[in-house]
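Below you'll find only one chain, the form predicted on its own, shown as structure tokens.
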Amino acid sequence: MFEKNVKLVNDVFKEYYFKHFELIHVPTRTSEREFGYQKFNEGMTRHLSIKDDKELHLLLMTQVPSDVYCSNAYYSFPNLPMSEKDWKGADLIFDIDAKDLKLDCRTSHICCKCNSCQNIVKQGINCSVCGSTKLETISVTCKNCMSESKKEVVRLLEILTKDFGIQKEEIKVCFSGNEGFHVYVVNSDYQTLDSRERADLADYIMFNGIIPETLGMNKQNNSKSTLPDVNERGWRGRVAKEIFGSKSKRAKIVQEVISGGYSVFQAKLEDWRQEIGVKIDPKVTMDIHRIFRLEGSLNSKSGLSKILCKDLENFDPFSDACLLGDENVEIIANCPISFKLKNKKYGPYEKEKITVPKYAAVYMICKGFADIN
């Protein structure tokens, strides 16, 4: 990021942290967690130990980080190198991101920025100005992206509560501050799972690795197949709903499925996985040493806040997480994509000098769509 942009965004971030300390708190078991932060145009600082809110707020005001992180893991010695920390357990965390949902709307709000000459093009594999192939994908999210991401969260919550017996009180949903949601499971019996066990859990949630036999399909003798019923629990019941729709259609469709044979049924499993498997990032779930963006902090990719979703259905990230000031700022915008913040539409702009509220200016600068005039 250009220095003139860093100065503005730094000042805006510092103002946010000064005005919104009430949103930013250390998590439970603070003394056992590792903290870290990053500043604009600088590397990561981690393996920090923070004892309380006062110490955290002091760090925010003195360092003015672009991003603040905290481990999901608990350690005996969180401030020591990783090999000496003495891992004790970790909260389960799931990442649902709109970019992983393969939505049709994404093509309308994705573009590329040339890392060589900074030119922005709507699509392509080469820069139209310098010909470079070093293009960085930039995306914004729309209402549909967030709506579909919320549906994935709801499906995840159903599995966590019904299949794994996790209490709703042990689950927390946060908007990530950019393009999705983080789902936390805290104070549960799953905290001591190792990386491999968490990978298996992620596979279950994504509906990966299931075989026809699990759903009652007999490879040697199709006639002996016993397909699941819609009232069954877990994936058998979900697959039954996907296949049959309702009990009244079951008998007829069972015969059609069985007559199709084992290999046809096996091929259909992949289609069903795409339809009913929850689209989480498995690498996030299985990482027992990752540090995650701290709730209440700003996301340097957007200038939006990572914020708790108390009412997921009615949560609007473009308003509820847009907490920066609305003073006017003059920028030069090169933004081929339109977006909405606080119910107001911005863009598209083509190398235009414009005056916009501070929150919109920071959003475009963080995305790489604008520079300070």
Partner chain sequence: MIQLGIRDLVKYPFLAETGEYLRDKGFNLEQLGHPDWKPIVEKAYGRIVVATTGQIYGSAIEDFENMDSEILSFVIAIVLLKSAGIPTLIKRFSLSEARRAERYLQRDLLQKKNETKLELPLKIMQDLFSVKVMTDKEDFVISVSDYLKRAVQFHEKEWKLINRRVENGFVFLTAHETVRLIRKELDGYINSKIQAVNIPSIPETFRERVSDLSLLAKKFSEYVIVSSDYPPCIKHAIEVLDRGENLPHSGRFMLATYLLSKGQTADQIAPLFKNAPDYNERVTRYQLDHIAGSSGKGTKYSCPSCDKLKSENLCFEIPECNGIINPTQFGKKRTANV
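Numbering follows the first chain given and starts at 1. Computed from a predicted structure; not experimentally measured.
Another form exists, predicted in complex with its partner chain; not displayed. Remarks below refer to it.
- Proximity of Y190, L201 and F207 to its partner chain in the predicted bound form is complete: all three residues have a non-hydrogen atom within 4.5 angstroms.
- Note that among 141-149, 249-257, 163-171, 114-122, the stretch whose heavy atoms approach its partner chain to within 4.5 Å in the predicted bound form is 163-171.
- In the predicted bound form, its partner chain lies farther than 4.5 Å from every heavy atom of K102.
- In the predicted bound form, its partner chain stays beyond 4.5 Å of every heavy atom belonging to G245.
- Interface membership of E197, defined by any non-hydrogen atom within 4.5 Å of its partner chain in the predicted bound form, is confirmed.
- Its partner chain is not shown here, but in the predicted bound form it comes within 4.5 Å of a heavy atom of W235.
- Only one of K268, K219, K241, K134 lies close to its partner chain in the predicted bound form, with a heavy atom inside 4.5 Å, and it is K219.
- A heavy atom within 4.5 Å of its partner chain in the predicted bound form is found for one listed residue only; from N126, T214, T226, N79, this is T214.
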